[in-house]
Ligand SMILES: Nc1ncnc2c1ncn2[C@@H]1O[C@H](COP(=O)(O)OP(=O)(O)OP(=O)(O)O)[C@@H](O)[C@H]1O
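Presented as structure tokens, the chain that follows is alone, the form predicted alone.
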Amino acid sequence: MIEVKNVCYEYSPDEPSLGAAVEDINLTVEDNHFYSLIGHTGSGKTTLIQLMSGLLKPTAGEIYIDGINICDKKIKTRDLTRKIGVVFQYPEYQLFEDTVFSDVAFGPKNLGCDEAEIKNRVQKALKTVGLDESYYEISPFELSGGQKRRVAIAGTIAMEPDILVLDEPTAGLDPAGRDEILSEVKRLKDERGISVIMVSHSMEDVAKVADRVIVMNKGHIAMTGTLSEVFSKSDELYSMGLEIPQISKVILKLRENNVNIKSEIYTVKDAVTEISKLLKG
């Protein structure tokens, strides 16, 4: 569990005129949930995940992970990697080892795992992202963009964090690649019971995997809730420069034209199911 209490982060405490990147943030991230963090560019999303992962220290306030105050100067970043793993945008640019196996093994080695544990973790992580043994000795630089992304995510998974943070994990991928990455992360969350926090600009991606949504606006948390609770407030989202999923717009138009279909539909899959019921009825 992550608890963020009255957290602020100023760009430069010596220059208050620059303002705060995030201000008065209070948030609880509970175990075994898939959170999506959304907001317009510059709303404070990336700053917030850097604070929650200990990469930035707040100007004010406190952040706890499983009851441990990560703002304490005694807490080392290395200690946090056992609790929270972060995959930043375009993580494939951070690959550097000669083989896929050795790249994924880098994190567990740094944690001090023995050879047997390293091998076990690497195999499990690569299996989780859909890469079998035939990829182990291949250079990561010979892979496709989507495969490189999987290797980079596997490197974080291999450290077995309790919380996985993903910053735009599907950015730049084709539709098939996007769906594969999302389904693999969702399966990981379900199988291991971890918490996932995903930053995304795609409301379609959010609707496919998230069960909780956090909306940021101008450095503040504007709203939190389930998919239904957040996406039902379309006017408020529009005012913040955000959208609802395209299929949800179609459903609203159908309802405006007296089609008796439920409003809480956020994915194409759910829309097909509901429309099929109507046609059969």
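Each residue number is its position in the shown sequence, starting from 1. Predicted model, so just to flag it, every value in this text is computed and none were measured.
From this point on, the text means the form predicted together with the ligand, which you will not see here.
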In the model of the complex, the one of R255, H220, H40, K233 near the ligand [non-hydrogen atom within 4.5 angstroms]: H40
In terms of non-hydrogen atoms within 4.5 angstroms, which of the given stretches 62-70, 43-51, 223-231, 26-34 touches the ligand in the model of the complex? 43-51
Does H201 reach the ligand in the model of the complex if we count a contact as any heavy atom within 4.5 Å? yes
How about A21 - does it come within 4.5 Å of the ligand in the model of the complex, if we only consider non-hydrogen atoms? yes
Does the 4.5 Å heavy atom contact test between D205 and the ligand in the model of the complex come out positive? no
Using a 4.5 Å heavy atom cut-off, state whether E168 contacts the ligand in the model of the complex. yes
